[in-house]
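Presented below, as structure tokens, is a lone chain in the form predicted alone.
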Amino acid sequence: MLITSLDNDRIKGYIKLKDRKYRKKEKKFIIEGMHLVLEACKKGIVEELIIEKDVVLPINLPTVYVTNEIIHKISEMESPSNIMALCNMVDEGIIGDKILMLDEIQDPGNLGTIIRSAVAFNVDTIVLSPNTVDLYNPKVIRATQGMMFHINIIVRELQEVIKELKGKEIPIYGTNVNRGMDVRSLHEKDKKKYCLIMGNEGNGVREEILNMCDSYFYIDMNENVESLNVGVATSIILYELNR
């Protein structure tokens, strides 16, 4: 199928998916680029391919061919890829034993980096607070390099989940420079199951959430460095928890 008109209802639907509320309502989103498309295909969430005319892909899925003008209208990138896909949002799964909680992370690049690190270091569930940046924001999707399709990610009120985890005797860890322990000192048995909470770029974890933690970590570093980017700090702690 070749579509050449921007007035086509299908194309209008693709363009509407730039809006977070519309994505949430339809439970669909657009991805761009061959790598992301292949990762989404592995997960089985691609509904149809959206490809610029004359491009051929060896993927047996429903395909819509469009013009370069339409590609530019659908895309949020300055230099769009000529390979896109319409995807269904990933269903939330059951919370596992190695959990990362993110409290109001706002930067799409930070969230994407953290998701990649979580997959790399064998976290099985990420819990996002409702005010965290949209998981399906195109910048988040690109920053994850497709790893968001390979980990269970849910959106919940953190207090509710913490109470549930305490009932399962899963230790809750936060970060605190003044009264935390060096993350490297954690005993091997305490790495079998855990919940690590990381917070907002400017304000950290909210006080009411921090007060629910069982213990706290800090990262030992040069005293001239006041703090680390939340994506970097999360990656370091997850590496140590996985080591």
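From 1 onward, residues are counted along the sequence shown. Fair warning: this is a prediction, and the values are worked out from it, not measured in the lab.
The same protein has a further form, the form predicted in complex with another copy of the chain, not shown here; the description that follows concerns it.
Remark: all three candidate residues (His35, Gly231 and Ile236) come within 4.5 Å of another copy of the chain in the model of the complex, counting heavy atoms only. Shown alone here, Ile105 lies farther than 4.5 Å from another copy of the chain in the model of the complex, counting heavy atoms only.
Proximity of Ser117 to another copy of the chain in the model of the complex falls within the 4.5 Å heavy atom cutoff. Looking at Lys73, you'd find every heavy atom of it more than 4.5 angstroms from another copy of the chain in the model of the complex.
Although the partner is absent here, Lys166 lies well away from another copy of the chain in the model of the complex, with no heavy atom inside 4.5 Å. Across the options 120-128, 89-97, 133-141, 167-175, residues that bring heavy atoms within 4.5 Å of another copy of the chain in the model of the complex belong to 120-128. Applying a 4.5 Å heavy atom cutoff to another copy of the chain in the model of the complex picks out Met147, His150 from 144-175, in order along the sequence.
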